[in-house]
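Consider the single chain below, provided in structure tokens and representing the form predicted on its own.
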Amino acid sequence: MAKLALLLLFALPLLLSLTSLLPLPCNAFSVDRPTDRRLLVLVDDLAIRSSHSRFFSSLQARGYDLDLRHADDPGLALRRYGQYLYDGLILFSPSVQRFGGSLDLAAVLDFVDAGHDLILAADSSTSDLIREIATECGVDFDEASGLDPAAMVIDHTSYAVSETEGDHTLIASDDFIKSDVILGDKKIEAPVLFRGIGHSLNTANSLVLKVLPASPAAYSANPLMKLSSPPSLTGSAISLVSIVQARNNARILITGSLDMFSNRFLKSGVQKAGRSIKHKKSGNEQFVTEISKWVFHERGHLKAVNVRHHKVGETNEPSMYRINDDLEYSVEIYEWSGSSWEPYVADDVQVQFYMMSPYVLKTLATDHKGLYSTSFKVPDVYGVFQFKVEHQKLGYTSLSLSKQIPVRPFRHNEYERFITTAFPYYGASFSTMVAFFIFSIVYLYNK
């Protein structure tokens, strides 16, 4: 026994040191562990580590653990022993033809289907593999750029002014989506610099949104060649930056410009064509920082707790209700702010009392401290009902709450002794009896 104890004494520190080297399993964004975030960053050139260091540093400053790997690393894996090793994936490897290790198209899509987040940046060298991932997410990169690697988005009205005339492929765009949840409540004053390829949205996919569309004068073509036919992608149909929020609340960012995240674009000054104001710094750093906060659920992630319902004047939740009961319904909703759970304040959260169709639809009142509540009368219909809250709002994760409760009719001994609405029938019955009695007297004794 003494030898065994001595062996364990020496072996325990070694085992602890080995387990500390192994990556811990990671789930999708967890309301219980919202600060535990590990990201896998795949690049096709390790020089991106330094050329895009400001963006990576901003993620690390917000508490993210980055694992930067080459896209064809033979040891790549997103999952091990059925557990995911990362919470999010950043693909800064537009030219990669094939991922290393066990990573492939299906693995990336399964990663998103499991509720994890993805940032995908492309450029004119984008491979078929990256295009397929984008297509599966509801975004189609310009096919002309696949046939002609030099095809880029060109805009002769919204380009960035430079000392040389240029080919107007360096676009200065400030037509941002109107959403404080996605881009933060601080307005982005300076235009965002973009150089890369455009993409269009799949009209059959209602989950994809344009965050930064191109101007009506933009088109996709090779800037070094003369157009021989009309471009296939033009005007506001071109999206420069798009986002997706899947039904499982996984979030995806897709852009055709890897340079948009680079130190050079983040630090560069910008002046948009046709404007006299020259900004000392582009809006890229604020833009990529704020939108990455949304992608990685630092903003716009809701959770609902303490769903309660009971009869008015009571506190305990009943096993069933009776028709025409007065009840109260309440739920607490909070939003993750990046560091803590804050009360979610809105005036459009509704609850349905539902059986095949909603019999009651009520807007919940809020105390601005996270509590939403209302009261209503149970309809005069018995059956199995549900309390349903379906809250979907631009930029926020969707809430879908459902709680089943049966509703019974009155028992035989619960009806009123005399029903007010039946008084005419009571009167008719007694008047008939009185009339029959009088008729009998008259008939019998009348000669």
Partner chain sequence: MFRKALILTVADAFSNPEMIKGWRGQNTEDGFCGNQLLGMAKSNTSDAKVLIRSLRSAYAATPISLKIIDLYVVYAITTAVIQVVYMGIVGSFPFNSFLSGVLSCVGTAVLAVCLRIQVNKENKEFKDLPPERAFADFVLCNLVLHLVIMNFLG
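Numbering follows the first chain given and starts at 1. Quick caveat: nothing in here was measured; it's all calculated off a predicted structure. Here the rigid core means the biggest group of C-alpha atoms that line up within 1.5 Å when the two forms are laid on top of each other.
There is another form of the same protein, the form predicted together with the partner chain; it is not shown, and what comes next is about it.
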Quick check: do Q352, M355 and Y359 each get a heavy atom within 4.5 Å of the partner chain in the predicted bound form?
no
Could you tell me which stretch in 413 to 421, 44 to 52, 390 to 398, 374 to 382 has residues with non-hydrogen atoms within 4.5 Å of the partner chain in the predicted bound form?
413 to 421
Within 4.5 Å of the partner chain in the predicted bound form, counting any non-hydrogen atom, which residues from 423 to 442 show up?
P424, Y425, Y426, A428, S429, F430, S431, T432, M433, A435, F436, F439, S440, V442
Residue shift check between this form and the one not shown, rigid core fit, L394 Cα at least 2 Å
no
A47: after superposing the rigid core, is there a C-alpha shift of 2 Å or more between this form and the one not shown?
no
